[in-house]
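Next comes just one chain, in C-alpha cells: the form predicted on its own.
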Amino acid sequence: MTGAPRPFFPGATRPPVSVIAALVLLVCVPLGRYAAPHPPERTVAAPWALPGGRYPLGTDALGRDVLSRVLAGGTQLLTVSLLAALAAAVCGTGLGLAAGWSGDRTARTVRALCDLLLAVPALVLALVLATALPGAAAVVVASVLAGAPLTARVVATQCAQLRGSGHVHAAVERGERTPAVLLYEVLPALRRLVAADAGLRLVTALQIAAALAVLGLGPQPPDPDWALMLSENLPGAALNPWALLAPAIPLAGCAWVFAAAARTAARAPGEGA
C-alpha cells in the first residue's frame, strides 16, 4: 500500500496563496509582452488619450498604448531583480556558513565586513555603482553588497547553533568533510530561513532596480519598463492618470506578493532545524 503524496509544504494541504501568487507572477510577467495588443514602442494615438475603445488604459506622453507597455514592462525589471536576489542569497549564505562553522577569526572578519557594507545605504551604493556600471549590473552588485551582509549574519547565527546538533555531530564523527557536512546536513536545516531571506532580497533588488530606472540610470526610452513609465508619465498624470497608476500598481503588487511569500516561507511548518 503506497503512502499519500507529500504536500509541497509539510503540514499543509495545499501551497499557501502568497506562494502561488509569487509563482504566477514569475511565470506570467515575462510572458506579458506576447499578450500586448499593440507594439509597446509604437505611437498608436494622440498623446494622453483617455481610456476607451482600443486603448483600455489610454495612451502616454508619446501616444503609446499604456496597456501594452504595462504588459511588456515587467520583464527586464523582474529578470534583473531575480538575478540580483539570487546572487545576494548565494553570497550571503556562503559567507554565513563559513562564519558560523569556523567561528573565531573567520566569524570576526565576516562580521566586520558586514558592518562595513551595512554602514552605506543601499540606494547610495547603487547610485555610485550606476555611474561606472550598466544599470542591470549596478542593480546586481548593489543588491549583493547591501543584501548579502544581512543574509550572512542570520545564517552565521543559525549555523553556529546547528554545529552542536545531533545529526551534524554524527556526520562529523563519520569523517564527513566540512563542505559535505555544510551542504548535506546544515544547509537543508536552514532551507526555510534561506528561502524566506531570498524573498526579502528579491524585494530589495526590485526596489533598487525601480529607483535607478526612475532616476534615468536603468532602462532607457523607448524601452517599456514599469519604473521608467513612472518618470515618463508623471508630467501628464492629470491628463491621463492611468498612464501613471497602471505601472505603479503591478510594481507595488510584485513587491507585496514577494514579501508575503517570504513571510510564509519563514512560517512554514515542518521546515528548518
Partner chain sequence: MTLRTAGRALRPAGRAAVLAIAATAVVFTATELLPGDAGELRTAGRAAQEDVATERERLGLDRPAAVRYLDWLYGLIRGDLGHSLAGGRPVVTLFAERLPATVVLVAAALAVTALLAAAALTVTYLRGGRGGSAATGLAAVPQPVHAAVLGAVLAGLLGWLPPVSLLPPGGSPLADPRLLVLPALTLALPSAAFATVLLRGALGDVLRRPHVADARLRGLPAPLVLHRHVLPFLYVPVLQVTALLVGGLVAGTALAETLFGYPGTGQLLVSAVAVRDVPVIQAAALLPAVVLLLGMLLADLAARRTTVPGDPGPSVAAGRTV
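Numbering follows the first chain given and starts at 1. Source: prediction; values computed, not measured.
This protein has a second form, the form predicted in complex with its partner chain, left out of what is shown; the following refers to that one.
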Worksheet item: Any of the heavy atoms of residue 49 lying within 4.5 Å of its partner chain in the predicted bound form?
Response: no
(Q) Please tell me whether any heavy atom belonging to residue 251 falls inside 4.5 Å of a heavy atom of its partner chain, as the geometry stands in the predicted bound form. (A) yes
Exercise. With the cut-off set at 4.5 Å between non-hydrogen atoms, does residue 241 touch its partner chain in the predicted bound form?
Worked result: yes
- Please run the contact check for residue 90 against its partner chain in the predicted bound form: heavy atoms, 4.5 angstroms, yes or no? no
If we test each of 57, 217, 29, 61 for a heavy atom within 4.5 Å of its partner chain in the predicted bound form, the one that passes is 217
Interface check vs its partner chain in the predicted bound form: of 137, 83, 160, 128, the one with a heavy atom inside 4.5 Å is 128
When its partner chain is considered in the predicted bound form, the residues of 230-265 having a heavy atom within 4.5 Å of it are 230, 231, 234, 237, 238, 241, 244, 245, 248, 251, 252, 255, 256, 259, 263
